[in-house]
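Below, in structure tokens: the form predicted alone, a single chain.
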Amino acid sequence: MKIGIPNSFCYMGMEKFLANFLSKISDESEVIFSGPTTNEMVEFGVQNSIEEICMPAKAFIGHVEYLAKYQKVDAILLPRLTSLRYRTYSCPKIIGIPDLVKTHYANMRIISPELNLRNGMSYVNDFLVELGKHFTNDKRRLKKIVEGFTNSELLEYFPPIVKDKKNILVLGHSYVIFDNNLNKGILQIIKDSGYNPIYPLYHHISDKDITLELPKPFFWSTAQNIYEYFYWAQKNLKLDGVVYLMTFGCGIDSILEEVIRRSCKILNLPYLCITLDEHSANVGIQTRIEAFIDMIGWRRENEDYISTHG
């Protein structure tokens, strides 16, 4: 059986964990990845999704269409990601994305076990048991395999390299930061400009002062993760500026971006927000990044009197 796993949206970073588990639980299954986002996938997504969802979700629908149309998979693995960290929830679009796919691909088998870590990481095992039951009825074997995944990393990303100077903090959802089609290669653009891009990974940062900065913690898993890293980075790293990648149609970004923007103004930290949508050309983004970096250089050379916030 050919099982498709999209390299996109909320599943980005989780592919290796899922594929490794499937290789242990089923000898008859072959995992097929959709691969990096292409312009054709984005076009598929725009044509086959509804207007109300965000840009990354539309691109994700394009990945599903690619797996169904070109790879002819027998099933698609789309876990329902209710929560990815303690006492938070995923955004409604992430929780409901398996249902959205099921309504559009009625004849496709969709495997969607629930992953809910709101009450702790130990619930990963419940998720694996529910997933494993789709492939084996041998409960003893399934239990043994699940126990072998107890210490496995659920999410894996390429880590940033922090330098002593010329660091630009790039904030946004991981499925935007690591998707070169959606972000128009912004990490490489920053590198080519002589600066070092750093970005949040999905690791919990323990600092009681973080919660004291806000009236209450963020409700959503990704928002809490992004804000924690911003707070930690501005305290512990030498930053030359902050770039926020805001995706069109994202409710979380509409709130979090404003919080980050106000914090940067108080910290006197150069800040740039880039809104990403269906446009395929990267020239506009490249121009804005180059202008932002020029401004940082002029500001440093001219005694800090050039505005960084327009």
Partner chain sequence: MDKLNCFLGIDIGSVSTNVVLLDENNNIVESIYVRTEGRPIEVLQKVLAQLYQKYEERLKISGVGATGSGRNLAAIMVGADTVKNEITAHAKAAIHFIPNVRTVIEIGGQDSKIILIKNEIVVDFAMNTICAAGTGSFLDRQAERLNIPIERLGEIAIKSKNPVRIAGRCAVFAESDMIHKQQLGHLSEDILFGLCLALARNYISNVAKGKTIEEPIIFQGGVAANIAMKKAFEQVLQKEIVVPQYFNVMGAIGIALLAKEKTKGLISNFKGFDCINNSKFETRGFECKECSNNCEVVEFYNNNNLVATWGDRCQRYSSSKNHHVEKSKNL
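Residue numbers count along the first chain shown, from 1. Being a predicted model, the structure only gives us computed values, none of them experimental.
The same protein also has a form predicted together with its partner chain, omitted here; what follows describes it.
K.L.:
Find out whether any non-hydrogen atom of residue 83 is located within 4.5 angstroms of its partner chain in the predicted bound form, and reply yes or no.
P.N.:
Residue 83: no, not in contact with its partner chain in the predicted bound form.
K.L.:
Can you work out whether residue 275 and its partner chain are in contact in the predicted bound form, taking contact to mean some heavy atom pair no more than 4.5 Å apart?
P.N.:
Yes.
K.L.:
Looking in the predicted bound form, any heavy atom of residue 288 within 4.5 Å of its partner chain?
P.N.:
Output for residue 288 is yes: heavy atoms within 4.5 Å of its partner chain.
K.L.:
Mark residue 40 yes when one of its heavy atoms lies within 4.5 Å of a heavy atom of its partner chain in the predicted bound form, and no otherwise.
P.N.:
Answer yes; at least one heavy atom of residue 40 falls within 4.5 Å of its partner chain in the predicted bound form.
K.L.:
Which residue, 93, 134, 166, 184, is the contact with its partner chain in the predicted bound form, using a 4.5 Å heavy atom cutoff?
P.N.:
Partner contact (heavy atom, 4.5 Å) among the options: 184.
K.L.:
Please determine whether each residue of 265, 292 and 302 possesses a non-hydrogen atom within 4.5 angstroms of its partner chain in the predicted bound form.
P.N.:
Yes, all three are in contact.
K.L.:
Among 237-245, 24-32, 267-275, 54-62, which stretch has residues with heavy atoms no more than 4.5 Å from its partner chain in the predicted bound form?
P.N.:
Within 4.5 Å of the partner lies stretch 267-275.
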